Ligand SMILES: Cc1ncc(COP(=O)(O)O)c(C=O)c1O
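Listed next as structure tokens is one chain, alone, in the form predicted on its own.
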């Protein structure tokens, strides 16, 4: 579909006017915040939300939140996975409340640490775990450990990947196939060609060429790409990557931070993948800052044998608040009582209903878009077929169109993630919540083709 840009501009202006009329209290708070924070937000990326100012939340519970203007919202963003279990699940709140009274952080282990590690080991199949505050921290740790034990320096990542704010992952391929800084990379410390090897997702031949250079310490991947749009792996791709890592002595790190939507052990458990390390963050503590990384026993033995006790605290891995008592209490409660195996069937069913609703509108209006589902997560993109790699997904991006669709949804009480057209289901998400999105999406698409 060729979007009529003049019509899109008019539609957007109408939605902006509606937003401004309905959200005056958020405007008051925003105007005050402008005097103290750049763009009025605590992190600049929050300025990317559609509309002339952010929505301010007064209360979030389950799969809904109410803003300061009294509007109820279906939350399909869910803290972009941080609240995949729903906002403030009671078992997590109870565990955190109890731990707050007993102590927040002491730099000493708690009973919850071993319990949480055991839960993660059972789910993901790697036995030895360490805890951080974010998945970004966990990825950085595993990159450093990989370089340490292999004696090699380069990190292999997928083109258009995302693994938090890890410097080595902000690299992409240019038109000649050379490794370059990814667009928007802020203050890159070194040329990424010195640290990083980039290959397209699903390209086995590119993997073979990359490993042939002999300088790869680790491959850091999502088992399905999720931050440039959902890109699913081709049959055999994971097996080829595993074999190449083994043959060339590289560490295979699978980042399940988003793909844990596929099931209680993410795609690692669901698809019987065989990583050397698993990284996860965000949702495992119900929104309390926490991350973790696990290793096989063999890799952990290599790591531990190569680090002297005298230097263990100053080697570049860890942090004073990592593994704090509060985070670990939240992980134990969230994994043990909220994000359980029994929670997933209903979450995945809601995502299936969401996907069907989007597909019905695509079919009805014959727009050349597609929708992809991964467990409890689903996403539409402005492509006639599912993307096979990050470049496919990136080339389909249409920021102006996306902003209109997201603002249209927001004005009808539905929050989408601000970065792409993704919807995530929590244990609290209902069929009625999904139906609200289906109705909005049909109305929005109809407005574009009328």
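Numbering follows the first chain given and starts at 1. The structure displayed is predicted, hence computed values, not measured ones.
What comes next is about the form predicted in complex with the ligand, which is not displayed.
Novice: Which pick from 131, 211, 380, 162 sits with a heavy atom within 4.5 Å of the ligand in the model of the complex?
Specialist: Exactly one residue meets the criterion: 162.
Novice: Tell me, which of 227, 324, 169, 99 has a heavy atom within 4.5 angstroms of the ligand in the model of the complex?
Specialist: That would be 227.
Novice: Looking at the partner-bound form in the model of the complex, is residue 206 within 4.5 Å of the ligand by any heavy atom?
Specialist: Close contact is absent here: in the model of the complex, residue 206 is far from the ligand, nothing within 4.5 Å, heavy atoms only.
Novice: Taking the ligand as it sits in the model of the complex, is residue 75 in contact with it (heavy atom to heavy atom, 4.5 Å or less)?
Specialist: No, residue 75 is distant from the partner.
Novice: Taking heavy atoms only, is residue 332 within 4.5 angstroms of the ligand in the model of the complex?
Specialist: Flag for residue 332 set to no.
Novice: Is residue 179 close to the ligand in the model of the complex, meaning a heavy atom pair under 4.5 Å apart or at it?
Specialist: Residue 179: no, not in contact with the ligand in the model of the complex.
Novice: Can you check 101-109, 294-302, 333-341, 255-263 and let me know which stretch has heavy atoms within 4.5 Å of the ligand in the model of the complex?
Specialist: Of the options, only 255-263 has residues within 4.5 Å of the partner.
Novice: For the stretch 133-150, return the residues whose heavy atoms include at least one within 4.5 Å of the ligand in the model of the complex, in the order they occur.
Specialist: 134, 135, 136, 139 sit within 4.5 Å of the partner.
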